[in-house]
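Read the single chain below, which is given as structure tokens and is the form predicted alone.
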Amino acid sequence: MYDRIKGFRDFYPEEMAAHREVIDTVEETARNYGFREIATPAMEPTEMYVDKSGEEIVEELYSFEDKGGRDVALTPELTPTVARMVVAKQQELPKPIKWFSTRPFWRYEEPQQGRFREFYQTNIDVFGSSDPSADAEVMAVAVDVLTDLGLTSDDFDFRVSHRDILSGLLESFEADVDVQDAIRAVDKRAKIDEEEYMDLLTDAGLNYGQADNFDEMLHTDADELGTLAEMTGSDDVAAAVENLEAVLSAAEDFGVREYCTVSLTTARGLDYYTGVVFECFDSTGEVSRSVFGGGRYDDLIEGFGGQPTPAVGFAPGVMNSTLPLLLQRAGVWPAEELSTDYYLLQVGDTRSVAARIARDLRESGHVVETDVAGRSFGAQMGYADSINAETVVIVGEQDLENDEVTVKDMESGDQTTAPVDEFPGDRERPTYDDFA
């Protein structure tokens, strides 16, 4: 007997049925906005992640030398891969490029709430547009994903910020500040105590007075963001505030502004973010980690050797992640149960007729099972019940002698007969009620 590897999970059919419903909803929402599906490799050169994040990233990767002597890694995220794909065909791809993909990723890190070493997420990205409408559309997709899954604004907190406001504020101080380190400190703000947070800001180059002043600026109300530019005299802050307000205005037109809360303490820890960023949290705090996040990363394509290309996107985790936890907490997690439209129960030598009926029903798009194990009547009926069959069609030798089949409604237990040549006939979804 073998044990499952730590940080990995099995999903049995009932569990997978619920996850599949979530994945289908997320993907259908993306398709409704014109995003096109792509597929990507499970493995990339380790160098691609080292160049992006530094040598220390290797400790978090499933990396190894393959049989060809190449240093490779199981993909820990999709963004570098799609950047590579855009660069490869940048001139011929029509802009904007709108892609989505659902697939597994792997990170060698300590498992915790909503985080496993293998996880599945759907990446949704727009390349080739710097217009605020692109940011707003991505946020609209994110909100629609949540509401289409049954959540309301009472269930989640959608926090929006701007990286250039943060960097502009930091650069306004008379100090040699490591901006990226300071922004990483802001990203950790809610996860550590105040003393540790202030120490991280001072380690980044601010003195304690400047760190305290900077943190106070982060609590500026949405309708007073313009005062930050006045206080700092920074053109960069003024431009970033204007951009954030333009994105929020577009979000209003997209019908999702009511879901967005301006929160400058939202930073996103990854260095490649350049503009508007956002994160989704459980409004009750029961799911303690971010449900998902995203934002703009305008420099990434150029960093991979392509032409300057603006980009914005987000990536909700759909399995082994925090989105399922939020749905479960809110009571809208899909039922973990099997669903079967018809079970064809055979009694005696009736396989050819049962198979014909099954084919006809499947051609109409129904989920149909029939006996493939030569089991007894009782065993077949028990199996039909175990797979939640809505209707059982009994094809027995005695029924066929009368040119009939028996149609049984499994919920009520009622049953009746139907002419075999008229089942299913031209009916889209024949049930007991059609023949009773």
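Quick caveat: nothing in here was measured; it's all calculated off a predicted structure. Start at 1 and count along the sequence shown; that's the residue number.
What follows is about the form predicted in complex with another copy of the chain, which we do not show.
Proximity to another copy of the chain in the predicted bound form, taken as heavy atoms within 4.5 Å, picks out 101-109 from the listed stretches 327-335, 174-182, 101-109, 157-165. Interface membership of residue 63, defined by any non-hydrogen atom within 4.5 Å of another copy of the chain in the predicted bound form, is confirmed. Proximity of residue 142 to another copy of the chain in the predicted bound form: non-hydrogen atoms within 4.5 Å are absent; the residue sits far from the partner. None of the heavy atoms of residue 376 is located within 4.5 Å of another copy of the chain in the predicted bound form. In the predicted bound form, another copy of the chain sits within 4.5 Å of a heavy atom belonging to residue 59. Residue 48 is the only one of 381, 400, 48, 410 with a heavy atom lying within 4.5 Å of another copy of the chain in the predicted bound form. Residues of 6-41 lying near another copy of the chain in the predicted bound form, listed in sequence order, are 6, 8, 9, 10, 11, 12, 13, 16, 20, 28, 31, 32, 33, 34, 36, 37, 38, 39, 40, 41, the criterion being any heavy atom within 4.5 Å.
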